[in-house]
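Consider the single chain below, provided in structure tokens and representing the form predicted alone.
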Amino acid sequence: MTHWLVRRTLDAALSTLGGVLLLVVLVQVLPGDPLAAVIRDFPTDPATLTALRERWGTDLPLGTVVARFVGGALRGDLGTSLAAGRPVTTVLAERLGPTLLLGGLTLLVHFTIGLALGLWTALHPRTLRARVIGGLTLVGYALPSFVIGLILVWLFALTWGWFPPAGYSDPLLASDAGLGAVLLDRVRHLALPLTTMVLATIAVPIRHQRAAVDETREAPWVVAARARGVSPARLAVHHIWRPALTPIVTLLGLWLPMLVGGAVFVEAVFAWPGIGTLIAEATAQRDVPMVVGAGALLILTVQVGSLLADLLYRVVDPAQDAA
């Protein structure tokens, strides 16, 4: 196990390095002037442009740019945002909290309610309730997330006024408001984007869990347990559901980047100040250091998710260690 973990960690580190290097190269060769994020619409003379290029290093050779980024990243320095004029790591840290909140709660719903619904619909496939759940989740999955978000804003924010249409918090909330008022304000602002994320994606864990349970429910050990008179609840949880968790581990590893990347369209619809909207803004502004820094963070998260999924495989199925 230890030998495998060391080798797998090295593979993940090399893959992360390769992905980041490729990202830096691709961003550098894209058309457009990175200084557009600095000068914007202000008239700039050639001497000032030259000074700005020296200041931001936009005229350096590609090899020098790559070497500088890798060296800085190893020290925890991802450069300075051209648009914000602040360290990329500082801006990412500010945006990470809202994205972790939204993405973490979405994953929590997926791997609790989603898996429970997948198990229930697999065990009761011909009931009306199972068909309604399957139909509604597929409709949510088929609709683009921003369409679901706009519908929810129209109904619950603009028409009925139950929730705020956008934002992370109420700017008019008193600075000395109590903990209860702050939590209520966060919940009200979180309700619509979280509902949008869940409705747009919960069909995936439900269908994965249902398919895994369908493959397991007629396994020999399940038939034997049923013949021994094991209760339906124990049969479902211990003999059917637990062996069916293995495919879900892969799904968890693939979706962990949601904790960092969020959903660009959902965050844009609700003006949610997360990493997703930051990437969209940086791309539109041609803020190269920010795009590369956020992209490197996503690449790292993907590799960590993949490594964690492989590790969980060996926890769920110890026979993997013997392979």
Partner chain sequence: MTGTLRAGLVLGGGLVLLAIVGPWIAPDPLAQPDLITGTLQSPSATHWFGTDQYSRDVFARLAAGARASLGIAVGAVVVATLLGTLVGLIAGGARGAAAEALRRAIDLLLGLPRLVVLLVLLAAVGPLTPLSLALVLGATGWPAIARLVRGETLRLRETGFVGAARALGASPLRILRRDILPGAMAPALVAATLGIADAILLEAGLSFIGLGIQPPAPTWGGMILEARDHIASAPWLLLAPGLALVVATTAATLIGDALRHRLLPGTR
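Numbering follows the first chain given and starts at 1. Everything quoted here is computed from the prediction, not taken from an experiment.
One more form of this protein should be noted, the form predicted in complex with the partner chain, which is absent from this view; the next part is about it.
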(message) Only one of I113, V132, A219, A211 gets a heavy atom within 4.5 Å of the partner chain in the predicted bound form. Which one?
(response) A211
(request) Answer yes if any heavy atom of G305 is within 4.5 Å of a heavy atom of the partner chain in the predicted bound form; otherwise answer no. (result) no
(request) Mark V230 yes when one of its heavy atoms lies within 4.5 Å of a heavy atom of the partner chain in the predicted bound form, and no otherwise. (result) no
(message) My question is simply whether H239 lines the interface with the partner chain in the predicted bound form - judged by any non-hydrogen atom within 4.5 Å.
(response) no
(message) Is it the case that P247, even though its partner is missing from this view, gets within 4.5 Å of the partner chain in the predicted bound form, heavy atoms only?
(response) yes
(message) At 4.5 Å by heavy atoms, is each residue in V187, A191 and M197 next to the partner chain in the predicted bound form?
(response) no
(request) Have a look at 117-125, 211-219, 69-77, 101-109 and name the one stretch with heavy atoms inside 4.5 Å of the partner chain in the predicted bound form. (result) 211-219
(request) Pull the contact list for 277-314: residues with a heavy atom within 4.5 Å of the partner chain in the predicted bound form, in sequence order. (result) I279, A280, T283, R286, V291, G295, L298, I299, V302, Q303
